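As a starting point, one isolated chain is supplied in structure tokens, in the form predicted alone.
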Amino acid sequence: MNISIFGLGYVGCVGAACCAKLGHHVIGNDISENKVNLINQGKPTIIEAEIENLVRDAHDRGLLEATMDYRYAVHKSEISFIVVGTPSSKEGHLNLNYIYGVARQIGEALADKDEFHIIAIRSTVLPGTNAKVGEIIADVSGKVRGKDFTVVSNPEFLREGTAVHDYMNPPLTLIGTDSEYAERKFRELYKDIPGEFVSTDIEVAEIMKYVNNTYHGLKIVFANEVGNICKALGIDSHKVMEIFCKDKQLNISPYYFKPGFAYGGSCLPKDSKALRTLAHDLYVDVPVINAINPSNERQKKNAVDIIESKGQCRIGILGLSFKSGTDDLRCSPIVDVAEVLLGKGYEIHIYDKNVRISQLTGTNADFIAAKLPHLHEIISDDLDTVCAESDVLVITNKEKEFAEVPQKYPHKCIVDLVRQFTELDYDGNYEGISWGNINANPAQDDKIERTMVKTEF
């Protein structure tokens, strides 16, 4: 396959050398004459493990060349990678001038090229950049996206010092595209690369690098804060985190990594509070650990805001316990939401087949007595009755019986806190707490007739 790579810096040089190693012919392009000359001499533009031998071998085999002529690079390739820098301003905004400049160059080159061309953004950019690059190329070239060219997002996940190894052995290969042709070409391009090939929505691919790196930073800071607490106690923090990482079922796993409602129950609130208190008593500052609870409380407020935005006074809460299949109400986040809504004058109806008011004892009973003392008046074990008497249905856990609610009550507003549904086609209004709309029916966009005005206290 013939490939052009715009930008011969760190990521571009590694990509050029590795693509050549995979057997593709690569043309590097850069505004730096020095970088172009280095590649044409069989020398890398960076210092990195393994890169020197790769570049020399690719050059000697005639698979790697470089040029300052962007038209030549585009005309002699079928895929052009944009791998230029996106420096940050002091406020944290990205400078995309280099990206857009390359897009204009590619557009100029495509103006007199007849073959379909794929442009792949490899640089780290925020969602929406792919669309803007496509607009620039279409405007400059006079060509039509989807007919004459397409733009793919193909983020890199390379670490300095191990970049070549990371390129050739990724955990997965990710592209964001709306073109079946581009997906097929990229599967061919990366066919000899191990790991899962994932093709997804363009904006999903665009945001992944930011999510990954922010989480990596979070892991480092969390481990450091745990270490600081352990040091103050005279505990070996490395032994603690070594054991922590041995748990692959919960700690190092996909578990809990699903956007949704706030956490609750008897363990997470109590134990995280205990650790925060311990750090406080030891005079150890742990800003990340301290931020966990406020963020959790914020998600409860988000739920209240979404429910209030529907403008309906009759609210049906489907599930009161903090988790499906249990009657445990201790620190159940939806109890806090119900308490707030009742205080604002909403008419609340609650369905939970597992909660029996007469059987609540101990902490469960004390918690409800403090939060919802009149719970027995608003809770029912009849799902149909609660749904019929409510205009907004709030789904709080993934009970199987809730799966049929949209079909049985097609004109209700649904607020989904747990992603009970992955796709819907029904007449009512749907909103997820931390994800976009999944309802395919345009009728949901009809203006809602309000029966309740949001009240601020």
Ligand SMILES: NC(=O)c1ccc[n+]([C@@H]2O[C@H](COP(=O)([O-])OP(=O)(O)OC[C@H]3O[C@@H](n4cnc5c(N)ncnc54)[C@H](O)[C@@H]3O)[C@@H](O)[C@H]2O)c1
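The structure presented is a predicted model; accordingly, all values stated were derived computationally and were not measured. Note that residue numbering follows the sequence shown and begins at 1.
Beyond the structure shown, there is the form predicted in complex with this ligand, which is absent from this document and is the topic of what follows.
Undergrad: Even though this ligand is not shown here, does residue 412 get within 4.5 Å of it in the predicted complex, heavy atoms only?
TA: Looking in the predicted complex, residue contacts with this ligand do not include residue 412, since no heavy atom lies within 4.5 Å.
Undergrad: Hey, in the predicted complex, does residue 11 get a heavy atom within 4.5 angstroms of this ligand?
TA: Although this ligand is absent here, residue 11 would touch it in the predicted complex, with heavy atoms inside 4.5 Å.
Undergrad: Is residue 297 close to this ligand in the predicted complex, meaning a heavy atom pair under 4.5 Å apart or at it?
TA: No, residue 297 sits far enough from this ligand in the predicted complex that none of its heavy atoms falls within 4.5 Å.
Undergrad: Hey, in the predicted complex, does residue 416 get a heavy atom within 4.5 angstroms of this ligand?
TA: Close contact is absent here: in the predicted complex, residue 416 is far from this ligand, nothing within 4.5 Å, heavy atoms only.
Undergrad: Heavy atoms, 4.5 Å, this ligand in the predicted complex: which of 328-336, 268-276, 97-105, 133-141 makes the cut? Say which one.
TA: Selected stretch: 97-105.
Undergrad: Find the only residue in 303, 379, 74, 84 having a heavy atom within 4.5 Å of this ligand in the predicted complex.
TA: Contact check passes for 84.
Undergrad: Quick one: which residues from 199-229 get a non-hydrogen atom within 4.5 Å of this ligand in the predicted complex?
TA: Only a single residue, 209, comes within 4.5 Å of the partner.
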